[in-house]
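Only one chain comes next, encoded as structure tokens, the form predicted on its own.
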């Protein structure tokens, strides 16, 4: 039985758009781990906050996509700042277990707080673009998917330039690579960690806002995505930003192809099967660990 080439291309484009949004989530996790050496179990709920902020900002702003997107990112960044200052600022790098308990508890609190105020009913989000999109023959992509993918690419380019060429970014890399040496040259770990948290939550909020018009928005949406993000960070190598991006894009493509040819239930387990295989073959992940890397 012949496979339609246009159908394969449709699956690839859908998977690429999804994978880039996965990458925004995974990169934020990798950034926090690289600088602060903690795993943020509330990261998925920051994505959820970004999605809900987009949901409520759109009607206020006349369904205009870009102002609502900007508002959602700002909300996520402010949430990241508050979480850092109240809960994470006093954590030491050797308090890994404590960070897990704190962020896991925060995750549960955020989920049930949002559910209490806004219910668990899934919400559909509409924008000025509606269901319009690009059509080339039988291939069709909605504008919300195209814009989401484009925004992710721009965000990655901005992150790369920030980490590579600014003092802001160099300080983060220095702390991640050698905390003691960074202290000796006057870099302040708390300031750097706060900046990393704000940047990471901004990326996560951006992913949530971009996903809101694409899938249903619920208080539990972050839970379904965060464990995939953890797996992607492990597959790519803890602290490796290029590894997280590569693994996320590959997963988006794989899930799209699996969904196109097999039972959709296999999509959810694919990343964890790959994670187990990678850990058996390369325990450090596909990209070598050891400090935060941007290239």
Partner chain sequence: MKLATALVAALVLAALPSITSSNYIIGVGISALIFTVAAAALNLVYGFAGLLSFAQLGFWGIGGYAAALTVMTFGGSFWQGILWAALLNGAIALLVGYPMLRTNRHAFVISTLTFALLVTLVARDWVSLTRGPLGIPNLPPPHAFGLRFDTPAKFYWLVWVFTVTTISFLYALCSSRIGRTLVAIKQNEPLTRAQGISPMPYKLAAFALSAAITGAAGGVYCFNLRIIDPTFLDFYYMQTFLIIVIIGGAGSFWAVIASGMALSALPEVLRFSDDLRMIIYGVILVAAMFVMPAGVAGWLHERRLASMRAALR
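Residue numbers count along the first chain shown, from 1. Bear in mind the structure is a predicted one, so any value in this text is a computation, not a measurement.
The form predicted together with its partner chain is left out here; the points below concern that form.
- If you check its partner chain in the predicted complex, you find no heavy atom from any of 129, 140 and 248 within 4.5 Å.
- With the partner omitted here, the stretch from 239 to 247, 65 to 73, 36 to 44, 52 to 60 that lies within 4.5 Å of its partner chain by heavy atoms in the predicted complex is 36 to 44.
- Listed residues 82, 214, 134, 104 were compared with its partner chain in the predicted complex; 104 is the one with a heavy atom within 4.5 Å.
- Under a 4.5 angstroms non-hydrogen atom cutoff, its partner chain in the predicted complex has residue 234 among its neighbouring residues.
- Its partner chain is not drawn, but in the predicted complex it has a heavy atom within 4.5 Å of residue 108.
- Though the partner is left out of this view, residue 275 does reach within 4.5 Å of its partner chain in the predicted complex, counting heavy atoms only.
- Interface residue remark: residue 116 is counted as part of the site for its partner chain in the predicted complex, having a heavy atom within 4.5 Å.
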